[in-house]
Every structure is written in C-alpha cells, then in structure tokens.
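Just one chain follows, in the form predicted alone, and it is written as structure tokens.
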Amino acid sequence: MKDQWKWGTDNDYWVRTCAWSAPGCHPVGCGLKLHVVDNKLVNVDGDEEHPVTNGRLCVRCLTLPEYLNHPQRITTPLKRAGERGENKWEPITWDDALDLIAEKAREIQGKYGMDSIVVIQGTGRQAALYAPPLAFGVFRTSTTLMGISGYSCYGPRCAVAEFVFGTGYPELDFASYFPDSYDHPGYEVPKYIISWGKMPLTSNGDGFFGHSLIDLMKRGSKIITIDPRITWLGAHADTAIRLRPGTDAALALAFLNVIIDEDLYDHDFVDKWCYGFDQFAERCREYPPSRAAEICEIPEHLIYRVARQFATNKPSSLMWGLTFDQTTTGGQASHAALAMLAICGYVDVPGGVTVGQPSTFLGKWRVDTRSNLAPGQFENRLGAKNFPAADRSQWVCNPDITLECLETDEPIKLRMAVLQSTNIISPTNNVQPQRWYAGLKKMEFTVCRDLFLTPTAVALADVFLPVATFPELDGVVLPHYGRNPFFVAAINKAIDNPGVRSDIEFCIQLGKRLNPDAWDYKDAVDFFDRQLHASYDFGFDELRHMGVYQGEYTYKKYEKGLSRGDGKPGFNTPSGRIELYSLLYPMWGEDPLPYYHEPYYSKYSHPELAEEYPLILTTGGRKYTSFHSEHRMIASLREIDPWAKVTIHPADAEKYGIQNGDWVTIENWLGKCQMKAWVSEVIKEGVVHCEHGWWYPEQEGAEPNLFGVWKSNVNLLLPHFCVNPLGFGSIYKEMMCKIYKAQGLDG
C-alpha cells in the first residue's frame, strides 16, 4: 500500500480507507479511495493497491455517496415527541441524549437489577465487536445477544470448529495472508472448491472476499456447489447439486462413506492427527450413497462423483455457509463437513483451509470487559444453564430464551433495551418478529442506534442515536471478527460529521458516565492506538499509512506446537487431535458422532400438514443490492431490486396458476406474506425461496403500517425454538408453506 492515506487540498481531497459498516457489511475490509469536496463524499473508487480486493467493489460501495447524502438519513440525535409508533421526534444534543440514557439506566437497574438492560446487536456489522463490551463494560449487564433464533448466523459454525478442530474459523485458503497473494511461493491453488449452502460472491461472508473465487477459477480451480438453487456460481460450476433443503448432514455423511469405503482418505494425517476414526467410519457406513440420494432427492451418481473429485485432487477445499447454522441437523452437518477436510488432509495446508488462531487484538480487551460484571453474573446469563455447549462457545444470551423472558418476565424482568444497528422487527434475522415487537413494547425505555428511521426505531425507540458510516469514523477492520484474521486494516475518517458517532465512540462517551474506570480513552484513535500496541509493534497512525497489515502465516501449525496454548504439537481439543468422535458432546447430552435427522417440519416428519402446505420454504439468500434490511431507500439499488421476490419452479408455478411477475401470498399456519413471483428453473422443484429483509421506506412510517414491515415479512412464517441439544440451529431453510396468487402487496 502507498504510504500516503490522504492527499489533495483542504476542501478537495482523497482518502484511502478500508470498508466495514455502516452501511452494513461483513468485515471484508475492501479497499477504497474516497473523493471528498467541501466535506461531502462525491465519488468512490476501488483501491487497486489493496492486497486482496485489488480495486474491485460491489454496487453497495459504489453507491456510497447516495447513501451518505440521502435526505432521509438522520444525522442528529432524536427524542420521541409523541407516543411510540407515531413517528414524531424532536432533536436533542448528544450530551443531553447520553445524560438521559445514563439516568434511565441507573433508575431501571436500581429497580430491577443490573441484567434488566438488554443490548441487542445486528449481524455482521461493527456492532458485532462492540455490543458485548457495551453491555459488560458500560451497562454492566450480562444480557446481550443477537436476536436470531438458535444463534443461527456464523456462531454455530465457529462453535463446532472450536469443539472439533480446537481452532478459529476454518476458511478457504485464498492466499489472503500473503502480500504477493496467489504468487506466493508457498501457496497452491485448490483443485476443487465446494461451496456448500453459501453465496460467497454476494455475501462476502464474514471476511471472505467472494470475487477471489473468480481469481481461483481463472487459475484452474473447479467449483462444486451444493444448494437448492442454481446460483451464478452454480451455473459456472463443474458440478451443481440441488438437494432437498435441510438434508445436508445426510449428504456429507454419504460423501464420507465413499471416501472411507474406497480408501481415498489420507491415512498418515488420520493416524497422526485424528481421534476416533474407527467409530466415525462405522457411523458413515450407515449412510451409503443410495440412502442419501433418496433422502436428499438427488441422483446417486453425483455423490460418488463429488466425493471422488474432492478426495483425489489434492489440495481441495470447502466453504460452508448458513445452511449449517439454520437447519435441524446443521451442527451435525458441520461436524461431517469438517471431517471431510480432516480425513482428506486439507487442514492448515496450502490450498486447503486456513485455521488462523483467534487474534489477541481486541479479543483480550473484549474478554476483559466481562470483569465489570459481578461474580456469577456472566455464568447465569439467559440460556447459559439451558444450553451448556452454547454457554462454552458463545458470549451472549440464548435468543430463544431471551424472547420468552421478554414475554413472561421470567427469570428476570427486562425493562430497558439498547438496539445496536438491528432492525429487529423486520424480516432480517429473527423469527416471530411480532413476538419480539410485543415483548420490546413492554420496555420502560429503549434506545435505537441506526442511520435511518427504520420500522424498529419508529415502533420502539424513545431515543434515536445516529450511527457514523465508515467514511465518517476512525476504526479498524479485522476479518472474521478476529477468528481467522487475514489482516488488520485501517478505516480512516474522510468526512467530519459531528452529529453521528461510531460504535466505539458511543461506548467511550456513555462509559465515562456509567463506568468511567473502564473507559479511560480520549477518543476512538486513542482506543485503537492502545489496542494495536498491545498486540503489534505499531499503533493507529502507523496502520493508517500501511493501510493493510498482513502478518506472517505458518501452515501445519499443529506440527509445530502453534495450535495449542501449551506449545505441544496437535490441536486444542481434549484429545489433542481433530475429534471425529467428540469427547465434549456426551457431556452436553449430544451424540459424539454426526448424524442426520429429518427436518423438524417436512412432508415426512409432519405428513398431516403436507397436503395443505406441500412446498418447502427456504430463505436467507443474499443480494448484491442490500445488506439484510439496509439500502431499501437507495433509489439506484431499488431500481435493480424494486420488490421482495419469491423464486418458484415453473412446474410449481403452473400447478398453482402463477406467472412470472405475479403478486403471490406465501402462507402457513404461523403467518403469511406477499412477494412478487420469479418463475425460474434455478430453484429445485417443490421448493420456494423467499427474500428476506424487506420493508418499504417510501410508505407511511407511523403505526400500524410501519413502512410496510409486515407485508413482505417472511419471518412471520418461521417458528421460534432451538432444535439441537447443543442449543444451536433453527429452520430458516426447511419450513413448510403454500403459495397462491394475490392482488398486490397488501394481499
């Protein structure tokens, strides 16, 4: 990277920076050059010197000026002027807002206890790093979470990786650790890459730069996709398997059956570094390809084809997506998918998966903020006793238990909410949004931090605090939230907007009022400077000029004693090896070996419902034009995607009298929503895919309409409960429904 991060004149200049939220995005850290004239963002270019993204940007970054300068964007704190839901507000100063929040926090915690304040964060954003410290270090409450049922976004995969591998997040090796990228002499291009239940080009999930797959395809990598839909990547894949939603565990075990039965696995790696192979092999023999083909509703020969391609072309790799978090036996599918990587010898080798150890940068500080809690407070947070496996791996409260607590006031009374970059009543990530809406209506005081007045803000907030976009803040982006940090990169402030605050600025300024001993930082730059110096030999000013810092990466750390805290060879698990047979799971009432169960709701598990609700409902696919429920007010992006859309196979469309572009109702016994039909063979017959995150900022914002939040809200059709003994998983991708023509958006 160039040493220069800002150049030009006082009123017309460029700033080199790296992207994170806001606007919403995962911590990919894409490189940008921002052109600012008279303190206004006028143009965005990609930074061709960024070592990973090389100047390539998605449409959301390219429309950044439209987002920042949007007339509906809120850039000053607001206080509710009428009743909740009336959408009436009056401006207040930041000092008055923070003083009011501090006063209410003391009052409510004095009446109901420290844990009566709940901090709820959105997914993927910077708030993911700073919401738990806000709870622990500022409010000194243990009640913090993301509202998604069963923690079903990234967390379950991280937990299974911790239990089975004893590592941070295993990610496809796309040469992201090396300044010379694919030309690094120690790097090897993967022969095959399985993209399983993931849309890496559109999601850029959690730190992976999706377009890297295109780079690897140009260099010879062949793609295998496993998904009920044919995505763009699937259309360009060597093999695309369209399985029945929710049957991923059966398919993974069948792949393993072939690899083991045909002796295609890496004997040396298994003998030295895997635990429980014999028991594991016996379990896999219960899933021959013929059985899995019937369960998954796919041709049997594809199972043999993919298993052989993956195991006999070294190195190959695998990417796992939300299907492993959002299905009945997704955790078991995760265990099996990791086992595929392990027995083929693709762990921590060039072109396999990297397993970078979690970073101490910000990590130690985040852990240390828990010291602000009283003894036993963290251990007794909501859901910790119900799901001890999740308690071991997750810092936060169980979302399903928290929802029930909101409704029943048991075991504690929640009376104040702080909503951190989450539009919780939209169909973004939480199921049963009408129940969250009713539960949060009971709060005596609610703070909402966002950029626009969302349905959640209008319905629930007493105070609205505007969040800074990344061009308006100084910060740091860390891929995979530090669980596999390819680099650490600077977010450099380009625009001075005194009316907004970043997540860490909010923590510092409110922390000085409520818990000053824990927040002795002058500002965000001081905070990041001290945190960087604690982990590296440089501070924030040096990182500004570097732009992106890539540390050294060592392959096969398990051979060198670099994967365990005690410095011994092996993995950081009870056995010291990758646990094909888990020694931890029996402690929590779980089978030590992976298995498949039929989806909780399906034509087989609930045949009595199948006649009325014959279709499989799946949701959660990503779009280039939005990050969950954000960007709905950006005109150029809405021109590309103007309405919520449901994808339906032509055979199903003909059966139900639906044509392309028709308004339709998707319905089951829990609820219904309206979307426009897209009739296409990309979807598996018998399955419909509903887009999520839809609301309509152009509509009336006051209740009862709330910007049309209930009209295309697919989460109204999804149930609330955990489906796995570990406490993970839900059924976002395997529900039942029916579909029929509607008159319009209103039904």
Partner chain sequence: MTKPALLINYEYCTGCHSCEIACRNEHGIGLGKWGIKMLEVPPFQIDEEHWNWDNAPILTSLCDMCADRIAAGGDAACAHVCLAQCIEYGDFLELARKASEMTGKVYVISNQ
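Residue numbers count along the first chain shown, from 1. Predicted model only: the values in this text are computed from it and were never measured.
The same protein also exists as the form predicted in complex with its partner chain; that form is not shown, yet it is the one meant from here on.
Among the residues V44, L716, C722, V36, the one placing a heavy atom within 4.5 Å of its partner chain in the predicted complex is V44. When you look in the predicted complex, the only residue of I230, I508, L406, I658 with a non-hydrogen atom within 4.5 Å of its partner chain is I230. Taking the partner from elsewhere, D215 is found to have a heavy atom lying within 4.5 Å of its partner chain in the predicted complex. Using a 4.5 angstroms limit between non-hydrogen atoms, V367 is distant from its partner chain in the predicted complex. Shown alone here, E48 lies within 4.5 Å of its partner chain in the predicted complex, counting heavy atoms only. In the predicted complex, its partner chain lies within 4.5 Å of some heavy atom of E639.
Only one of 486-494, 88-96, 106-114, 233-241 places residue heavy atoms within 4.5 angstroms of its partner chain in the predicted complex, namely 233-241. Annotation for 278-315: interface residues with its partner chain in the predicted complex are H301, L302, R305 [heavy atom within 4.5 Å].
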